[in-house]
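First comes one chain, alone, set out as structure tokens in the form predicted on its own.
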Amino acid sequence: MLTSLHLPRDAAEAALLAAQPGSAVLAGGTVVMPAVNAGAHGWTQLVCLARSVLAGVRIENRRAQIGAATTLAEIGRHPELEFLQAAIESIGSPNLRNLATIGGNLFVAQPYGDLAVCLLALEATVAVQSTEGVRELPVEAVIADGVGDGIVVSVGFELPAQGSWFYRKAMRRQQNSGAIVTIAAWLPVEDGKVAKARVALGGCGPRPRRAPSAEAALIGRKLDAQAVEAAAAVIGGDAEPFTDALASAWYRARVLPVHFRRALLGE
């Protein structure tokens, strides 16, 4: 039963409170409040980040550092983060995007969490505050294992060069839905060939996941229809599709290579 609500003034105080047994961290409230309203939780206190000064976007030398409590709407409006606009606008409703935060999106259950899919493709790092100080973790580790008794302070990533970023989400838009499949890819090209490939998938497993077989099929090749077709032919092996109210596992497996080709080739 909830008995208290805390409003810490900074990340260190928030981490101290979050480490106490029975605590839950509240940012935008789109994940925590439904559980609170349903009574489906075992928390005794909420640690609200509203006064913790963890919001805002800073960009220096083509690297973005985004406070954990920054809303999806704020990110979508930032002129230097325009490449993420399509992903942001594919998430829920405007009302939800005005509340949901980048920090919270890291922990949203699939088939939601499309921004987390993008952060995985962008090779983001996550600054985590605990009672022992601040440490930086790869976003893969946070998505896989959480942050223990710490709190997310900020998320950082390099801005992709023009033409190296790709995103596509297949969904049932009229239902404001989660992903049937989501594809995000960061494919820097040097000397006409893919120098590095990071392909991330949503709706293809219990958490956002990389597609290592597809990445290997792209590296060192010209980014053309033949290379994309070769990657599409193996990407199914990187996925672990599931059945829910939006789509069956069979359907997700069938459409994944189709939307992967469309994402990279603009079909």
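Only a predicted model underlies this, so the values are computations on that prediction, with no experimental measurement involved. The numbering used is simple: start at 1 and walk along the sequence shown.
From this point on, the text means the form predicted in complex with a small molecule, which you will not see here.
The small molecule is not shown here, but in the predicted complex it comes within 4.5 Å of a heavy atom of Gly28. Put simply, Pro160 is far from the small molecule in the predicted complex: not one heavy atom of it is within 4.5 Å.
Ser164 falls outside the set of residues with a heavy atom inside 4.5 Å of the small molecule in the predicted complex.
For the chain shown alone, Lys169 is a contact residue for the small molecule in the predicted complex, at least one non-hydrogen atom being within 4.5 angstroms. Only one of 133-141, 94-102, 77-85, 184-192 places residue heavy atoms within 4.5 angstroms of the small molecule in the predicted complex, namely 94-102. This chain is drawn without the small molecule; in the predicted complex, the residue among Val32, Val57, Ala50, Ala227 with a heavy atom within 4.5 Å of it is Val32.
With the partner omitted from this view, the residue of Ala124, Ala197, Ile180, Val147 that lies near the small molecule in the predicted complex is Val147 [heavy atom within 4.5 Å].
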